[in-house]
Ligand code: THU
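Read the single chain below, which is given as structure tokens and is the form predicted alone.
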Amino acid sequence: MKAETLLATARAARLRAYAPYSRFLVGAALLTEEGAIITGANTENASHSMAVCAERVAMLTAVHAGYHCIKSIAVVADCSPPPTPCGACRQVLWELGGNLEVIMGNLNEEIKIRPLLDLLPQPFGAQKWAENPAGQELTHSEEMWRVPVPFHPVGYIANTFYQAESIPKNYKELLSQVVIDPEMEEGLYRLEEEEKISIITYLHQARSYVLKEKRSGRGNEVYGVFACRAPLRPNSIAQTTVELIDRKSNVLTVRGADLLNGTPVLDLKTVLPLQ
């Protein structure tokens, strides 16, 4: 993955910072050996010692998600020169991630890249994963399915539908675009041979759900949420089958998507013909 891509993710993560005191927004994006991206942003507190830097938020989130092999971390803030991790973050990054690559950028596209040991020579302590007892228990645990699973969007939906109420009734006749991350364009090879595809998305504006209620699409009869296609679900994931009209590099034109502009795309799948 290019440094610019990881920096762009960190810039986006920066907008989730909670920084009413310093007003200094910092975003971080961490890349694992498996190719997963984990983000973080600085989170402040009126008790200033309780603030947590973006780098530590990202790293601790990655550890909790089960990632132990870290390739690099990008950090972005609105300052020049680009921000460097503080001493506390460098120590945490070292013990939990080793000598990873640190990519530092700002909003003016200045970039600095250093191995962590350049920023933290003669670090204190060493990596402790081999001594961590949780590693042995993990493979025998039947409770791990309860832990939330992180996803990394591969693209987004582009159209003129900005609110659920704005989706017209004739959406099946209308066009939208599926914009895939340019770094993943190779994965679209020969997709244009398909007439229909399924788009797996995260419904980013969906909130709350009920397990059982009257469903307007089922004649107001009562159904469970798993027995219908209600958009409000325990996990706001949707599968939408659309007609593939055209592909130009990483941009697909599709017909029939009832998805909002900016909806994150998690995956694309081909539609098997009926037997």
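Treat the numbers as computed from the prediction; the structure is a model and nothing was measured. Don't overthink the numbering: it's just position in the shown sequence, from 1.
What follows is about the form predicted in complex with this ligand, which we do not show.
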**OP:** Answer with one of Gly97, Gly155, Gly105, Pro85: the residue that has a non-hydrogen atom within 4.5 Å of this ligand in the model of the complex.
**Re:** Pro85
Original post:
Out of Ala62, Cys53, Val242, Leu31, which one falls within 4.5 Å of this ligand in the model of the complex, going by heavy atoms?
Top reply: Cys53
Subject >> Interface stretch in the model of the complex with this ligand - options 23 to 31, 232 to 240, 206 to 214, 219 to 227, non-hydrogen atom within 4.5 Å >> reply: 23 to 31
Original post:
Would Thr39 sit within 4.5 Å of this ligand in the model of the complex, counting heavy atoms only?
Top reply: no
